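Two forms, one chain: they're shown below as structure tokens, one block per form, named structure 1 and structure 2.
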Structure 1
Amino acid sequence: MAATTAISTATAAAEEARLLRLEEQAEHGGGGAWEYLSLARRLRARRPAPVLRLGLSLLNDASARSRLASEQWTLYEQVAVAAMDCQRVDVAKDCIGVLSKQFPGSTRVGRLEALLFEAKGDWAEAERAYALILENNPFDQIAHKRKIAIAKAQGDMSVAVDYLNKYLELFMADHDAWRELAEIYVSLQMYKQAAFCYEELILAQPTIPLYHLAYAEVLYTLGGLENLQTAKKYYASTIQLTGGKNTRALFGVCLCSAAISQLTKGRNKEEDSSELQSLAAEALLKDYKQRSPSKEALIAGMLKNMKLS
């Protein structure tokens, strides 16, 4: 698995380097504009300014446009999105108008029209456009996600939470949506709900340390003996999953240990728990000695006050 990941990373880096070379070549009149635009689409690279410039240069050239044949419609879409990113609403409107005439009633064009309303800040019209798309296809993921984005853009987090919950009823396996919902709950100080989201993420992807750490931090924030004990376990699992290299998790073990000690007044101390907090404190000191020697004494004093060293 490690070898496969390394190969994938190397391939992605090579493709990104190729994209940059093509961009420089095309921008300086060396040709390859269509190759660059095609690669940008395939890599889903968000480079709106060069895409807009090079895309328009092809669309405004009748002979180049005709050579693209049916692929010109893909280019119109790509340029429309880039134009909206660059706040060139006029260009986006023209491109979408061409597509609308070519593909009347298309859901894909309908999404672009809704995005144009968003670009203009016309949230109500955008909402209506997405509602129409969902009326025809309740399982259109993009339309659902854009509604969530609109609510967030307007700062209405309660509506965003409502939309996310409805979205997850349909698409329970969307891990990014669970994480987004958890983060919004944390921002609203709805920690029990955030904990539930992280539980779902850990069940689905148990080897991702970020979820263990976030869950532990939510439980630590909630407080109480049971939550602190569980938080300590998840801080420990984060340490294990990261090979002992997560400073926040090491701090978490120490903070949980100190808080539990205060709540239990030293009763029912488990030997393995005592060993864990000692190892965490030792690892913290070693980490600061290597990376920030000037703060080693500060950390040592803090751990001493917490009676962990």
Structure 2
Amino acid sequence: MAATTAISTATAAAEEARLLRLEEQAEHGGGGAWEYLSLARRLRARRPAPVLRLGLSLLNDASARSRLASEQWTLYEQVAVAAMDCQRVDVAKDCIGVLSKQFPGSTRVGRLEALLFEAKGDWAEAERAYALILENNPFDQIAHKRKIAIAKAQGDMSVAVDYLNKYLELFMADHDAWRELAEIYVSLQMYKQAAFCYEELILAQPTIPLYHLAYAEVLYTLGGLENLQTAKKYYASTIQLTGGKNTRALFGVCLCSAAISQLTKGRNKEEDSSELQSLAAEALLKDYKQRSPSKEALIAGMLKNMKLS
């Protein structure tokens, strides 16, 4: 499994590089605008400014547009979304107008229209539009997620949590939603709930170190001896998964072991036997020496305070 993820990340990186190269080429009049736009769509890259510029120039060119044939409608959609990202509501409105004339009654266009309301900040209208879509198809994941996004954009976190919970009751295998919920819970300081979400994320994708790290941080924040010990273990697993490159995890191990020794006042034999914290401290020192020598003294002092070096 690790090998396949490595390959897929490698190809993803190559595609991204290709995207940037194509962007450069197209921006300087070297052609390949359509290839660039197709690739951006496939990678779901969010580069609204170039997409808007290149897409509009394609759409305004009648011969180029007719060459695209039925592909032009996807381009209209792409440009509309990019225009909304750039706050060019007028352009978006035109694109959506063309699309709704071509596909009357389409859900996909309906979503775009709702998105336009959102871009204008017309929350009530947008919410009504999404509710309509959901009435026709209660499994429209995008509409569900947009509704959550609206609640979040209004700063109404409790409603967002409510919607997210409802969404997750239906689509409980959607780990992006779990991550969103976890982050909202952290921002609301509801750490126990956040911990649950991170557990869910770790279950779904156990090889992603960021989830281990986030879970450890939530546990550390919760405090208490047991949570601290668990947090230290998760910091350790993050170190293992990242090959010791994650500074945050190294700090985490140091902080956890300092907090644990404070709580147990050195009575805990089991913790003392582990060398992890001193190793982590050493790794930190080495890292700082290499990358930021001016701050090395600070780190050394801090670690001394924690009695780690």
Partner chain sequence: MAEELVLDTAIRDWVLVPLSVVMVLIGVLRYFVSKLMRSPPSSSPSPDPKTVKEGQVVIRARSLRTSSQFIPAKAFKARKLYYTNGESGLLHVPKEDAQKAQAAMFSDPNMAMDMMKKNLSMIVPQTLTFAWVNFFFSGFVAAKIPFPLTQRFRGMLQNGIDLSTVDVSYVSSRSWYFLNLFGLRGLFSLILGEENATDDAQKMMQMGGGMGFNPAMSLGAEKDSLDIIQHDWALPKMEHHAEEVLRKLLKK
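What you see is a predicted model; the values in this text were computed from it and never measured. All residue numbers here follow the sequence of structure 1, with the first residue given the number 1.
As for origin, structure 2 is the form predicted in complex with its partner chain and structure 1 is not. Of the two rigid parts that account for the motion between structure 1 and structure 2, one contains both residue 302 and residue 253.
The interdomain rotation between structure 1 and structure 2, with the chain split into two rigid parts and fitted on C-alpha atoms, amounts to 12°.
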